[in-house]
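Form predicted on its own, single chain, as structure tokens, below.
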Amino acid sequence: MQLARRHFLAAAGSAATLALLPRRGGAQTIHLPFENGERPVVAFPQKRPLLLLTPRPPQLETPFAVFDNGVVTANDAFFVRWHEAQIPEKVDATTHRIAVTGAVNRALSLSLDDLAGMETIEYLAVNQCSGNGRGLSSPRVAGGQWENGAMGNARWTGVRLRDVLDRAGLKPSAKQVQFNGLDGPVLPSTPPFRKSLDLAVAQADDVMIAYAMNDAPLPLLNGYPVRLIVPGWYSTYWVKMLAAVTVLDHVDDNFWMKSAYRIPDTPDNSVVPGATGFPTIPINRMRVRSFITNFADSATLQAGPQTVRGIAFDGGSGIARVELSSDGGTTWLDAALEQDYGNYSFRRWNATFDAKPGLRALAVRATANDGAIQTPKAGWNPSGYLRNVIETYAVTVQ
């Protein structure tokens, strides 16, 4: 097993050079359901045509129909979100190192070969942008105007972060662990992207430094050669091209922790639009969500029995129940849950309803094992985070 991992990691180095220039996917343009929602469809290296939000830094949204293909999101269809525009176009996996420093007993410089010699872990987990669904916020908010395709589910393979920290040895003063990658800002005045986790989170059993994604090297745009995986948490913490792990003896006060990616510290993490002066906390675990995947809003269906299918997920407790409504949420029927691939994965579901001619409003809601349920009304915060409203689909039945 160890030899196989070493061969895999050595082979990964051969796919490290890419020109990060998009290729237009023909003349196709997608119109997302909000103002200024026109998106060109482009193909970056190692990617099929995806919806382009911005070319630099690259922000690419997965066409939603992809999620009907199965539980696992293919690497070439996986969404892309970077914060800094200076992204290396060439990374040599054989020389890449992860520096482990700070409040540790032994500073480390780990190669991928070093990781190959450690115990391997593997699981399926959803990676979701904090602002997934931001474009649907009302009133509108600033930031990348995603619909619902800034997410994906993959099988991640790597080593426990905890094992790396144990190898370095933590000093009694350790409080948080900070992570940064190889990307950097264009201007010296731009804060470099750094994210931190409390020690208890960083030492959890399932926080991973991943070197494989769906049994293949990570695409460059998804963090090749290694990235941090914090399952159940929004992807702002999933640092790509991981190059440094710094153990801090204080609470991180860099821009990306103190000012950015924060949510209202209110019971539902929402505020009234226009509110100011409210306390905030760093964003953390994902909310429970569910979607229909085999047709879109405004679809036309045939009268008679109709099968509806989709996906559901949450922040790590797993999905207990999915319900479908064919009358806009007045009545609900239980959907059948399909195979369980773990608490961090998409859970597929299906249901059948009797489609009667006319305009129909379908809705889907999920309940997590921890009791959390989707809300009938979308909460609001100034950054457009945490969307988990019950999704509705207006369809015409002929």
Partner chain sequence: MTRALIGLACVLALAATAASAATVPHGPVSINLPADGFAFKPGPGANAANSYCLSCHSAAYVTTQPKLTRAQWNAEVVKMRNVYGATFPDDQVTVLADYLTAQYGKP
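Positions refer to the first chain, counted from 1. Keep in mind it's a predicted model, so treat the numbers as computed, not measured.
The following text describes the form predicted together with the partner chain, which does not appear among the structures shown.
Of the options 174, 112, 165, 197, which one has a non-hydrogen atom that comes within 4.5 Å of the partner chain in the predicted bound form?
Of the listed residues, the single hit is 112.
Given that the partner chain is left out here, which of 273, 191, 169, 328 has a heavy atom within 4.5 Å of it in the predicted bound form?
Comparing distances to the partner chain in the predicted bound form, the residue within 4.5 Å is 191.
Taking the partner chain as it sits in the predicted bound form, is residue 145 in contact with it (heavy atom to heavy atom, 4.5 Å or less)?
Answer yes; at least one heavy atom of residue 145 falls within 4.5 Å of the partner chain in the predicted bound form.
Verify the contact flag for residue 262: yes if a non-hydrogen atom of it lies within 4.5 Å of a non-hydrogen atom of the partner chain in the predicted bound form, no if not.
Taking the distances in the predicted bound form, the answer for residue 262 is no, it never comes within 4.5 Å of the partner chain.
Residue contact check: residue 334 to the partner chain in the predicted bound form, 4.5 Å heavy atom:
Although the partner chain is absent here, residue 334 would stay clear of it in the predicted bound form, with no heavy atoms inside 4.5 Å.
Any of the heavy atoms of residue 82 lying within 4.5 Å of the partner chain in the predicted bound form?
Yes - in the predicted bound form, heavy atoms of residue 82 and the partner chain come within 4.5 Å of each other.
In the predicted bound form, which of 298 to 306, 279 to 287, 230 to 238, 207 to 215 comes within 4.5 Å of the partner chain (heavy atoms)?
Within 4.5 Å of the partner lies stretch 207 to 215.
Neighbours of the partner chain in the predicted bound form among 116 to 138 [non-hydrogen atom within 4.5 angstroms]
Counting only heavy atoms within 4.5 Å of the partner chain in the predicted bound form, the contacting residues of 116 to 138 are 116, 122, 124.
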